[in-house]
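Coming up is one lone chain in structure tokens, specifically the form predicted on its own.
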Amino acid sequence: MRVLLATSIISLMLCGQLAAAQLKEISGAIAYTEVIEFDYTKDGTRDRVQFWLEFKGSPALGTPDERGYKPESGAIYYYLVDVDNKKQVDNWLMGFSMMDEPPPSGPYPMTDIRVIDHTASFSAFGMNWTVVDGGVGHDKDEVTVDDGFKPRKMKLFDGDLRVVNTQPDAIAEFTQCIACHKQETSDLVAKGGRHTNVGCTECHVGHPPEQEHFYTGCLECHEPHSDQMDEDSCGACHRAHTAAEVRHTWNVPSEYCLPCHQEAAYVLASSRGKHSDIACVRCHQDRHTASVDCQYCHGAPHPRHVMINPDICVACHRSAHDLESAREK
């Protein structure tokens, strides 16, 4: 049970003058196992699943005798994800755990939370944890657990961890904005990208309902990806407060993707396969760089041991963008 925990985002601790000077938190989730087979439904079918860890916490803000003081708050969770159905599995330990409270997934308290630069440390389960935020994604993130005998670095397979230790100078002066717009500020600090260095009033030129067009248009600062895109096109993939995270809607035209993905577009257009007629977002759903697996559309024309391994698909079909040339080998 010591190394079973998992994902989410933490609420921002901002209040008055303290909020303008300090913002420290750890949030996010990572997969700490490879995809494994496990019959969590007890129906005789081994489902493909992954175990995830979630961290949500903030050190104390100020001291107890200061105005706006917020005590330390944090918890760890773990959960199971059904990979094929892309959903979190609830109550999967029902009948296997002898604990009445708390439920097997948590929350399990974090104490002694400290944040320095992009590193957070805390205690949980009687062990000392160190989490390093290496940037967007999990590739350079690190989680080390020290049980008093030997520190052990966990292997990470998916997800993203975020450690924030200060409020950007660009928005620190806008305390009145922050007081009412805590979630927007939290999103901007965690995933704002270059927008983190832009003051609130540089984009928000007014305040609704007093002013109808209360924000600067995207194209006043940014060039569109193609001539076919207008001001409304930007919102299909980008949100101003989470500019570092590109998420798109289901109906984004493929023409919006082509300027940045010309090579893939050329290969796909040259292919005589059926995939050349499919919109990009049909396979690359919701999040930029995400891809559905072959079974999402094709079911299981091959034995299960073949279908669950994407590397086997590629060995015969080369790539989803170039199916026909693979058949001619």
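Counting begins at 1, following the sequence as shown. Keep in mind it's a predicted model, so treat the numbers as computed, not measured.
This next part talks about the form predicted in complex with a small molecule, which is not shown.
The candidate stretches are 107-115, 71-79, 143-151, 236-244, and the one lying within 4.5 Å of the small molecule in the predicted complex by heavy atoms is 236-244. Only one of the listed residues (Leu156, Val89, Val132, Cys177) places a non-hydrogen atom within 4.5 angstroms of the small molecule in the predicted complex, and that residue is Cys177. Taking non-hydrogen atoms only, Phe125 never approaches the small molecule to within 4.5 angstroms in the predicted complex. Contact annotation: Gln295 falls within 4.5 Å of the small molecule in the predicted complex, judged by heavy atom distances. Among heavy atoms of Thr45, none comes within 4.5 Å of the small molecule in the predicted complex.
Although the partner is absent here, Thr201 sits close enough that one of its heavy atoms falls within 4.5 Å of the small molecule in the predicted complex. By 3 Å or more, the C-alpha separation between Tyr32 and Ser291 grows in the predicted complex relative to the form shown here.
The pair His195 and Gly135 is tighter in the predicted complex: their Cα-Cα distance falls by no less than 3 Å compared with this form.
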